[in-house]
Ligand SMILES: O=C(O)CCC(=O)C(=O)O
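Heads up, the chain below is alone and in the form predicted on its own; it's given as structure tokens.
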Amino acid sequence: MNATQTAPYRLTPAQQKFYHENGYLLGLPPIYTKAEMAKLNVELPNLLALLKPGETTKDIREWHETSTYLYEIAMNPKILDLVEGILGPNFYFWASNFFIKEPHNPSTVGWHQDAYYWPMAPHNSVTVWLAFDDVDEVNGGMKLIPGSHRGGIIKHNRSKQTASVLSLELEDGSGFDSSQAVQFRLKAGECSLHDDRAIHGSPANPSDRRRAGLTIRYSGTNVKNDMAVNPNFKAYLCRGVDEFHLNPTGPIPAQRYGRPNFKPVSNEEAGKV
């Protein structure tokens, strides 16, 4: 029996090489079966019910701290196997965020680099984008510029496109060519990986289908958060040992659905203006 059959979630050397050269990885085995994903989607409204008036689904940030529903997803051994193939044996997770575009939603996500917003160093982080729905070019699936993570961090400017959920983003031509973007396509239950410096974004959703995804951020234990900028930061060790002890440890949630009693630092507050 070959390695692919015995450990389907362990990245091969070829996959690792592709990720480090291109800044992303697709074509991974499903994390959840259709039945498992259907169950997670049935539970999702219980989380949405905790949103306050005026909030949107993008305000569901760091709720893994008080919801085993999200914490268990972030700690799924299949996901951790994939992440370990990029970050190595010692890593933690520290953020989760829903990105849900309902049918006919005009909102976009402008071109950006995650690392621009994060007060963290060095750059050694991976984002897992877990699809709750089938995602493609029709319902606003993400696009990414291959290799853009190797070009360094580019200064972001205030958005001129009001449809973008980000107020700080990159303009096409400022160090990258959007025509080179790769379209992400995922089935519900599948995930993608991308580097924190990779330039990516997504268009509106003019279709009749919802486009929901959960992002989970993982970092090597050598990555330190600037607590002066993000004082609510908490790290959850996933694998290995924390040999550096650079960040505060987060409490394991005890209830199925809950929301933190703090407001996470926004991209605008954390980003370089």
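Numbering starts at 1 and runs along the sequence shown. This is a predicted model, so every value here is computed, not measured.
We do not show the form predicted together with the named molecule, though everything after this point is about it.
Taking non-hydrogen atoms only, residue 190 never approaches the named molecule to within 4.5 angstroms in the predicted complex.
For the chain shown alone, residue 112 is a contact residue for the named molecule in the predicted complex, at least one non-hydrogen atom being within 4.5 angstroms. The named molecule in the predicted complex is not approached by residue 164, whose heavy atoms all lie more than 4.5 angstroms from it. For the chain shown alone, residue 99 is a contact residue for the named molecule in the predicted complex, at least one non-hydrogen atom being within 4.5 angstroms.
Using a 4.5 Å cut-off to the named molecule in the predicted complex, not one of 64, 74 and 236 places a heavy atom inside that distance. When you look in the predicted complex, the only residue of 170, 142, 120, 145 with a non-hydrogen atom within 4.5 Å of the named molecule is 142. Only one listed stretch (79-87, 149-157, 170-178, 199-207) carries heavy atoms within 4.5 Å of the named molecule in the predicted complex, and that stretch is 199-207.
Within 4.5 angstroms of the named molecule in the predicted complex, the stretch 186-224 places a non-hydrogen atom from each of 194, 200, 202, 211, 215, 217, taken in sequence order.
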